[in-house]
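Taking the form predicted alone, here's one chain by itself in structure tokens.
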């Protein structure tokens, strides 16, 4: 006996995941998590008995519902499903899967489509952050066809612009959770920053690296992984995140001078595998750190003709290309503030139907 659950599979940005309506899943979190582990096929390195893709970037879940918050259309809960452990975590948001929430909400009738384009106001339930996703809806129907290209995804698709509203400190309580632009943790100079995603910036040279190593090379360096994990644990406490040993935040981003015309080069541990690109919100935090006076990126990042305030487009280099972030910064006697963070993503509906899990996990009642 199996239980059928309505489900869509979507690519959002450079990730892929299962999208559910909250009303189609168990209301009890523990039962819900067991159902999702079964749906993805965890724990198993291949996730062979489920729909997971055997990698953190393809073992994700988005749960969507109509929001009861003022001026918000839908709530979106992101869950990271571990590949090799029976663990489902809501400790972080995901900006990549968020790119699919707008189209999904329209497709499922949660938001009425407008002619030309439809703005969907999305509240991320993980941290309360609100973003506005502009979805292309010619003839009042979602289209996934277009000319927009993002590195890490083949081909071109309809653009989805995402404007994040006041996300500084949404996870840690402040843009600079430690109160400093630079700290020393584990004997290394770091910058701890939270502009939508808790990130620890570290200079590659301080780790004896170039910063241009491949993800495989970095993952195979056991001594490096051990050292970074020790710094991450210490950073978690310093960033008001508590004991992060079992959490996926903060992300550890190794930075170096750009070498392909961008603003800064990155390699990001998420937190134990190395991202083949960079996460959406992680890229925003990195871009913010690259503009922050006194950060570990100061003197490394190419800020171009940036004057210290105003709008700036930042091309963040990563292992598979660039991630472009539009920033607007204000610096005055009151300090450094982020006024706007926006970016371009794409998404595509891959499958819509029902997923089956053993009835012994959840009967569907």
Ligand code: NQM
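Numbering follows the first chain given and starts at 1. These numbers were taken from a predicted model, which means no experiment stands behind them.
Although not depicted, the form predicted in complex with this ligand is the subject of the following passage.
Of the residues given (94, 133, 81, 235), 94 alone sits with a heavy atom within 4.5 Å of this ligand in the model of the complex. Exactly one listed residue, out of 123, 251, 157, 203, brings a non-hydrogen atom to within 4.5 Å of this ligand in the model of the complex: 251. Contact check for residue 15: a heavy atom falls within 4.5 Å of this ligand in the model of the complex.
Not displayed here, this ligand is approached by residue 57 to within 4.5 Å at the level of heavy atoms in the model of the complex.
Among heavy atoms of residue 289, none comes within 4.5 Å of this ligand in the model of the complex.
Proximity of residue 192 to this ligand in the model of the complex: non-hydrogen atoms within 4.5 Å are absent; the residue sits far from the partner. Here the chain stands by itself, but in the model of the complex one stretch of 270 to 278, 236 to 244, 82 to 90, 290 to 298, 270 to 278, has heavy atoms within 4.5 Å of this ligand.
Counting a residue when any of its non-hydrogen atoms is within 4.5 Å of this ligand in the model of the complex, the one hit in 184 to 217 is 197.
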